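Form predicted alone, single chain, as structure tokens, below.
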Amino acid sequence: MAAKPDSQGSEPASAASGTGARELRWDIIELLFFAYRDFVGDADQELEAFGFGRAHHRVIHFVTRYPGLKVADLLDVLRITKQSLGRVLKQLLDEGYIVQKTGNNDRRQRLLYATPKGEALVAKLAGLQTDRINRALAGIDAAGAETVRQFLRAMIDRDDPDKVLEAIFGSSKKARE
């Protein structure tokens, strides 16, 4: 018989095998699953009309946010295979959401830029997600919102040498100064 979760959704460590002495954070784990489901779900519905999925969303998002992003850096950001990126990128290129240019200094570099069509799609998707974020933050003061940002930053592996993450962490530090 499984142990009954407490009021925060945690179960005693003995309720799950292989956990040692720590209590499992079922409350946060499940909230993150459901929050992610609904956060991406708003965009998923919009993307479906274009025949796009989450991989398309992630690619066009980062290409729009970081113009001139190298394909190699995009692979690092997304942590997907070249084959997976190639299929998605080809569709976004073919349908005019992204353009690819050769690097000025290194002709082997493939630099990615969103087209106005791509930027409009990202703005629409980001608008849906911003609305969800704003609804969630509506009852939280500025200090609480900062706590949310700190929590999310702490969930990311800081030893990741990703250039986009460096930009995100750098800009969040500047925003607080």
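Heads up: residue numbers just count along the shown sequence, starting at 1. What you see is a predicted model; the values in this text were computed from it and never measured.
Form predicted in complex with the DNA: not shown, discussed below.
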task: Mind telling me which stretch in 64-72, 29-37, 114-122, 137-145 gets its heavy atoms within 4.5 Å of the DNA in the model of the complex?
output: 64-72
query: Even though the DNA is not shown here, does R132 get within 4.5 Å of it in the model of the complex, heavy atoms only?
result: no
- request: Check whether G53 has any heavy atom within 4.5 Å of a heavy atom of the DNA in the model of the complex, and answer yes or no.
  value: yes
- prompt: Hey, in the model of the complex, is I80 touching the DNA, heavy atoms inside 4.5 Å?
  reply: yes
query: Quick one: is R149 in contact with the DNA in the model of the complex, heavy atoms, 4.5 Å cut-off?
result: no
task: For the stretch 91-115, return the residues whose heavy atoms include at least one within 4.5 Å of the DNA in the model of the complex, in the order they occur.
output: Q100, N105, D106, R107, R108, Q109, R110
